[in-house]
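The chain below stands alone and is given in structure tokens; this is the form predicted on its own.
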């Protein structure tokens, strides 16, 4: 009985000893929580500003066809720039400046376009073209005809019958027209004088025909002065038969030579 109690007590003591020893054993700390992986933040993109066209002008903006206009420009922040209407590239680089003469044949709009990574900018100018005024071709006035040329153009001969110095009716009519022309010519040509040449046909002596030609010239002059033509600007001269207008030997030809002819100077 005593032995059983001793065994039991020993077992209990051992159990308590093991229990106490177990209570003194260090308990391991729980593992630390793992850190989350760092999240990468996207870097902000760098914004490139579009090019700045400081100015784009045309001088002058209005021209006549055939004249020139000057395009001028200045650009900042561009990689390249160009102008339409066949001009093309005007440079590359951050700063572009220059000028160009253009000769448009009609009204034209020029557009400048500047480009870079941020985009493009554009400006336009218009050159208005007008047709040049039509040239007036001035034809110089013809030289004024001389008094003699005008007299020869306007005055007609007067004719006489054979061996006569009296004025015929047709001669009076012609002399009346001649008088009007002479008055006008004397006004336009203050220094002009008219000569009345008396002529005869070939029949008769030279001396006789000189006298006959003189009488015919005087008869014509007197008639003209009666019509108001200034006698001071009329003179008479006889050639007789020395200057025939026609040389045929017939009445038709002789009639042409019996005349008073007018010349002027």
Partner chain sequence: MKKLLLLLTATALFAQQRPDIIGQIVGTQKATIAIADMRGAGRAAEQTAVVNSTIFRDIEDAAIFKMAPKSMYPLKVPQRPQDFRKPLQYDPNNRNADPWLMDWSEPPVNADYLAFGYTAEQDGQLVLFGWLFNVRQPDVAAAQVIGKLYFGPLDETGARKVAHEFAADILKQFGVESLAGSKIYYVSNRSGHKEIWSMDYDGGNQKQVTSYSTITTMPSVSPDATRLAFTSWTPNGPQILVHSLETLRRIPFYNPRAGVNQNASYTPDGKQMVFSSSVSGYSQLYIANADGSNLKRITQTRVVEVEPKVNPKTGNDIVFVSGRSGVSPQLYRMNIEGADVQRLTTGEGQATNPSWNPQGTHVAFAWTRGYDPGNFNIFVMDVATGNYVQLTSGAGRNENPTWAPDGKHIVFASDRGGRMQIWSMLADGTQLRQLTSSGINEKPVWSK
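Numbering follows the first chain given and starts at 1. Predicted, not measured: the structure shown is a model, and the values here were computed from it.
In what follows, reference is made to the form predicted together with its partner chain, a form of this protein that is not presented.
> Can you pick the one in 58, 210, 234, 53 that has a heavy atom within 4.5 Å of its partner chain in the model of the complex?
None of the others qualify; the residue that does is 210.
> Under a 4.5 angstroms heavy atom criterion, identify the one residue in 74, 79, 163, 120 near its partner chain in the model of the complex.
None of the others qualify; the residue that does is 163.
> Decide yes or no: are 180, 186 and 225 jointly within 4.5 Å of its partner chain in the model of the complex, with each residue judged by its heavy atoms?
Verified in the model of the complex; spot residues all out of contact, no.
> Mark residue 68 yes when one of its heavy atoms lies within 4.5 Å of a heavy atom of its partner chain in the model of the complex, and no otherwise.
Close contact is absent here: in the model of the complex, residue 68 is far from its partner chain, nothing within 4.5 Å, heavy atoms only.
> With the partner left out here, check for me: in the model of the complex, does some heavy atom of residue 214 sit within 4.5 Å of its partner chain?
Taking the distances in the model of the complex, the answer for residue 214 is yes, it comes within 4.5 Å of its partner chain.
> Since only the chain is shown here, I'm wondering whether residue 62 would be in contact with its partner chain in the model of the complex (any heavy atom pair within 4.5 Å).
Flag for residue 62 set to no.
> Counting only non-hydrogen atoms and a 4.5 angstroms cut-off, does residue 218 reach its partner chain in the model of the complex?
Yes, residue 218 lies within 4.5 Å of its partner chain in the model of the complex.
> Which of the residues spanning 236-251 lie within 4.5 Å of its partner chain in the model of the complex, based on heavy atoms?
Read in sequence order, the residues that approach its partner chain (within 4.5 Å, in the model of the complex) are 237, 238, 239, 241, 242, 243.
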